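Read the single chain below, which is given as structure tokens and is the form predicted alone.
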């Protein structure tokens, strides 16, 4: 199969601005290539794929980034900047897809979804977020009426944000496990990984670390400097150990040394990539039972789930995290979230999309 992927218009691959979509795209490309398929990726200028994805052809597009819908009001109108990166990526993607089997859109934005009704090329959409925009949700509903197969979601909890979707296609996620080394480090620090932005709830993880009298290692792009500064000033100096944004290889080496990962989203996470990355390293996870993480973590086996925003229960579980057998964590990922498992789920879905157009 020849597959064309459109990346996120939020930032170039490798910048960290695209959040989980960057990792998901690289993992999907890796899985598709290993299964013998041809892959081309449309991405912003300066993008880089993982070294293992050299067989994929990368097409660059220049233009202005879109504003993430996470940082807009739910009822904001759709907008498109002059010299739009999103429009340029879609234009190139459609042109290349004329000689391909399917075009896969990984950007959470209105234009690719709207175009589904206006061209005859199969466009499949991997929806990367819960409902963050009335414009996009209403548009998905409209397109879904004609092309119900064309949308896939990472988790059931995410799909529930779109009540008009009946029997949603759930593809989960998966990663190239050769990139993650198991470490049996039960005495390390607590960790937190993600974009540093209000919807990620970093302050709750810092609270736990402070109550335990230790430093919290924080990895990720600081997307909101004001938010990060406010948290830092709210706790004793040195409670946060800012580790920066690292490549997958460097992150897994350091993350694997930690005794546990805290995951504290304030919104409906579509899946929880960093949770699976931690589990792949043998690191158990303590998370709020909100969104995708509640479907990934096996309570008492690979980590613990606390009720949303319940910091005290989060703290309690942090004190007993060493009870988790770290081998259980790695085994769950191997059985449920490898790149090949993920790619096969996506391929089964794409075949249905393609048949729909014949």
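Keep in mind the model is a prediction, meaning the values are calculated, not measured. Residue numbers count along the first chain shown, from 1.
Not on display, but discussed next: the form predicted in complex with uridine-5'-diphosphate.
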uridine-5'-diphosphate in the model of the complex has a heavy atom of only one listed residue within 4.5 Å, and of 246, 117, 212, 80 that residue is 246
Quick one: from 130, 172, 220, 201, grab the residue that has a heavy atom within 4.5 Å of uridine-5'-diphosphate in the model of the complex. 220
Note: uridine-5'-diphosphate not shown here; in the model of the complex, the stretch from 265-273, 81-89, 202-210, 143-151 having heavy atoms within 4.5 Å of it is 265-273
Is residue 343 close enough to touch uridine-5'-diphosphate in the model of the complex, meaning at least one heavy atom pair within 4.5 Å? no
Is it the case that residue 103, even though its partner is missing from this view, gets within 4.5 Å of uridine-5'-diphosphate in the model of the complex, heavy atoms only? no
Residue contact check: residue 347 to uridine-5'-diphosphate in the model of the complex, 4.5 Å heavy atom: no
Heavy atoms within 4.5 Å of uridine-5'-diphosphate in the model of the complex: does residue 109 have any? no
In the model of the complex, residues of 173-211 near uridine-5'-diphosphate [heavy atom within 4.5 Å]: 193, 195, 200
